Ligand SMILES: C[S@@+](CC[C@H](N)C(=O)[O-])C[C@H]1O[C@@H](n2cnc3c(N)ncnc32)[C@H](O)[C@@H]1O
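A single chain, nothing else alongside it, follows as structure tokens in the form predicted on its own.
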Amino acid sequence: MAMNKQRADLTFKDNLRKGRHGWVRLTPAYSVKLVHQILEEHPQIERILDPFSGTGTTGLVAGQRGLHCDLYDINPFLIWLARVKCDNYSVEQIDRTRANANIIVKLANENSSLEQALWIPPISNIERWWSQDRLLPLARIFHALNSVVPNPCREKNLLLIAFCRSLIQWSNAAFNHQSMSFANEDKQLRLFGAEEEIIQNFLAEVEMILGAASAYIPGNTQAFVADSKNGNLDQCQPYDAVITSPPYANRMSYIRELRPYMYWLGYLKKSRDAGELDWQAIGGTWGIATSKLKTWKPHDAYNDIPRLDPLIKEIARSSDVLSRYVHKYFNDISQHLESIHKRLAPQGKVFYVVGNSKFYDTLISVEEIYADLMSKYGFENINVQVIRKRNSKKELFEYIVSADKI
């Protein structure tokens, strides 16, 4: 049944109030409700693959339901995040995390004289993210956190999640449309105040994290860094289902929204690192990824997409780079879908949450092209279901494209 409403309950917004699912916000994330709905309608599914795992929504739902799920993503920060969200924590670990958080706050309050020696991440135009009066107390928290818990462990992971939440809460980031932007000056001036409040608020974030971390996860969810477009997945046992949402063909990059976390936690060292990662990802556009499109050549083995050819030519009349972007996106998706077919058990099912796109006056029926490609690579019983109207151009919707491996 067509859904002509925006349905915020089918987006990341529904996740924000659901424990671990809301630990770190990512706008492209989809709702836990969709995953639960799929698993309830197909109770035979026990072993799941999510090859574009993002914040780990599919894996966490599967784990909470006692199922096995393997997660893959090309972004190492997202794999770390998924592992932390899907992990189990003992009472002793939670108690140690709480005790360490209190020590961290005490040290952060005492270390105001160390500000000249504090490490600040090399984010370009960092003042867009944080004014100086917020950046310094955040840096003091981070310095104290690494002093109190220097080595990787479950306790440190939970503290870093709380720190990530503090980072974005006290930043100038605004989330009032389909991707992240920066608040205008008036909003920046009215946000919060004293540095002591920032430091004390870290404790509140820790308590929120610990409340959700105490719940036991009965299933088995694993997460791996991998490039899913070429089938470079480590596990060999076939899966009952793929439940995923690949990047949309809309030039919106995960890197932009994740940049603050990735710089602070050491996953990015310089701006070029972000561009390189985005270039490797499907649909990436950040920095040098756009420059590389100018010399990109399609892979001939994955270039037979009849429905796409006239659309690419039409977009090229306005922008050669954008036409190459769309071409590369579906070239990569073709390669991915061919490899995924081999990973499924007989009677296995795939569920892809995708959105259509519009470039200039050219509407790209992404859902129909996915259906064509699934048929090409051996899937049957293909179904396209529109699930909601997206909060952007009036022609844009979100779909679930599903199919079976017979």
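Sequential numbering from 1, following the sequence displayed. None of the values given here were measured: they were computed from a predicted structure.
In what follows, reference is made to the form predicted together with the ligand, a form of this protein that is not presented.
Here is the short version: of 217, 226, 139, 94, the single residue with a heavy atom within 4.5 Å of the ligand in the predicted bound form is 226. Here is the short version: of 135, 84, 74, 162, the single residue with a heavy atom within 4.5 Å of the ligand in the predicted bound form is 74.
Stretch-level contact analysis of 56-64, 338-346, 367-375, 37-45 against the ligand in the predicted bound form, using heavy atoms and a 4.5 Å limit, identifies 56-64. Contact check for 78, 245 and 281: all three have a heavy atom within 4.5 Å of the ligand in the predicted bound form. At a distance threshold of 4.5 angstroms between non-hydrogen atoms, residue 51 is in contact with the ligand in the predicted bound form. Within 4.5 Å of some heavy atom of the ligand in the predicted bound form lies at least one heavy atom of residue 30.
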